[in-house]
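In structure tokens, one chain follows: the form predicted alone.
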Amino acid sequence: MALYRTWLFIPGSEEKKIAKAGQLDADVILFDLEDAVAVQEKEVARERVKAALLAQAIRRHGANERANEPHYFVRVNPPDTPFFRDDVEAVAKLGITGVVLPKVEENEHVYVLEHLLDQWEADAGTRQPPIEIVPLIETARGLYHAYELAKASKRIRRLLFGSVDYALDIRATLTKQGHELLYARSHLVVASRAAGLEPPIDSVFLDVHDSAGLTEETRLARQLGFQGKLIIHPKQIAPVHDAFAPTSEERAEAESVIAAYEQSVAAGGGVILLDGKMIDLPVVERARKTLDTARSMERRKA
């Protein structure tokens, strides 16, 4: 089970952060060529990210491959900018897991990127697995079309939520309580599930000094059905990982549920009661997912 809990933004224009990226424990390193990079630095940032990805690709195929290697994604500039095509062509051949497409509002945005990736993979020969496309939902229009966007390409496995631009678009005020984002978050979870995707990835938490607030917001995202969170600083990695980890109580309960259910099935039974709670197949499936998640996190730490 691959983990996608932490997606750490690394601005493509900042050499020191790029150099340290591969040493961090984030599940995903997300090199950013879009919002974090000034217009006059776009080309320099692209070359720096390209060099970093090339170095990572060489290391992964050599003797120095690191255990628990993160996934590498790149957020390119939108298709309607003069930087888009060069961004995609620069990074598509360097072993990345996927391309994050910002400000997606309609299927055509996905099709443009899909065509470029299809074209490159056809020229280079079959690539396994194909490069993923990850739509970043940042506007009311994008949220409204979330289900259609989720179904727009077989390359899409999950959606990302960009709360800052979304709040600006709907003229909402961002608060620590997050009430203004509850509908959007819930809608993305439902749209993702209905489209057959993995759970989505939640938006950034802007206050890097508020660990308690980050933990609270991440726990809410987990409760709503998200599988991970975008982050902007390495110090946010551990709190997010901890918030997505099943607690010892949750793990113990899952183990009890599975043991009781299997005992009942072996005896020819079905639905049972455990500590006054009904245990049926959906409850058992949830318990199994809890244990799978816990084991995956243990393997990641090993």
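Throughout, we count residues from 1 along the sequence that is shown. Everything quoted here is computed from the prediction, not taken from an experiment.
Omitted here: the form predicted together with a small molecule. The next part is about that form.
| task | Report whether the minimum heavy atom distance between residue 233 and the small molecule in the predicted bound form is within 4.5 Å. | result | Judged by the heavy-atom cut-off of 4.5 Å, residue 233 is in contact with the small molecule in the predicted bound form.
| said: Would you classify residue 75 as touching the small molecule in the predicted bound form, given a 4.5 Å non-hydrogen atom cut-off? | reply: Residue-level check for residue 75: yes, a contact with the small molecule.
| said: Against the small molecule in the predicted bound form, would residue 24 count as a contact residue? Criterion: heavy atoms within 4.5 Å. | reply: Although the small molecule is absent here, residue 24 would touch it in the predicted bound form, with heavy atoms inside 4.5 Å.
| field | Contact test in the predicted bound form: residue 117 vs the small molecule, heavy atoms, 4.5 Å | value | Output for residue 117 is no: heavy atoms all beyond 4.5 Å of the small molecule.
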